[in-house]
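Considered here are two forms of the same protein chain, supplied as structure tokens in two stand-alone entries, structure 1 and structure 2.
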Structure 1
């Protein structure tokens, strides 16, 4: 199973790189012009979020360097160890629904500390891709269209984040253990 997944992952990006321009050409979309316009928008977005990511990375690094993170994780390690779950990913599950920049900074810190091919790095990356910033989405998007009663959406969003968190751990432990 892992061998098949590795082969698929090696060929997925080259296949997409070939497929997307061919499909766009088939649909008569100006591929290069559309790409350049999107890159301009993406560059502005990247510039605008850099201060937030740097701030969150500094805060997370300070939290870890102070020993507070180790103290927090020591409480949960005995509960998660029998399940094979690394306690280091628990703060990501709590942070992800709150802030995209903060969870990205924490994921970056985990990958820097443990490596991208470690179980912690794989689980953190999968959590990052399988969950959403529920509170941000509800605040910004619901506010933009004037929805005031969001309690059911909040419950469903947080429940889906919990399911995504648990499924990410389960899938990574199944595939990479």
Structure 2
């Protein structure tokens, strides 16, 4: 399982990079021109997230610099240390379902502070990449059609976030230590 996942990490991107253009060429798509056309959207997407990331990044760096983050983490450290789980990733579990920009900013802050190849950096990357912002998805999807009673949807979403959070930690501890 562990080896299989590592192989997946090595092969997924190069496989897509070669398979997609090959398949498209076979379907008579002008591959390079199509690439350039689609790539134009990437610039706008990156620029449009600047206000979100800056706003959240400011709040999170202040929170860390003020010592409030350490105070918060010191409560959980003794509970999580025996399990080998770094307490630093805990706030990410809270932020992830609520705000996509906030959790991305916090992940960035962790990668910046502890390094991308530290266990904290890897766990944070995995948590951030493995689920979507539940509250946002519910608001957008149900809001679009005027559903006001979401029944059990929020519970299912939050439950899956919790499972994904635990799974990310477990998988990283298994895979990278």
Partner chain sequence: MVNWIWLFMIVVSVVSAAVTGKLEAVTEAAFDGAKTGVTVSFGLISILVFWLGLMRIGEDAGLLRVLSRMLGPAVRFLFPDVPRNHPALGYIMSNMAANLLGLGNAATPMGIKAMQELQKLNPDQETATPAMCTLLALNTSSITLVPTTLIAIRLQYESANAAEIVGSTIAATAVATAAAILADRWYRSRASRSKRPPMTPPYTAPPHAGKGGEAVG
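Since the model is a prediction, treat every value here as computed from it, not as a measurement. The term rigid core refers to the most C-alpha atoms you can superpose between the two forms while keeping them within 1.5 Å. Numbering follows the first chain given and starts at 1.
Only structure 1 matches the form predicted on its own. Residue displacement note: residue 34 has its CA displaced by at least 2 Å between the two structures (rigid core superposed).
Superposition on the rigid core between the two structures places the CA atom of residue 44 2 Å or more away from its counterpart. In the core-superposed comparison between the two structures, the C-alpha atom of residue 24 has shifted by at least 2 angstroms. Core superposition places the Cα of residue 11 3.3 Å apart between the two structures.
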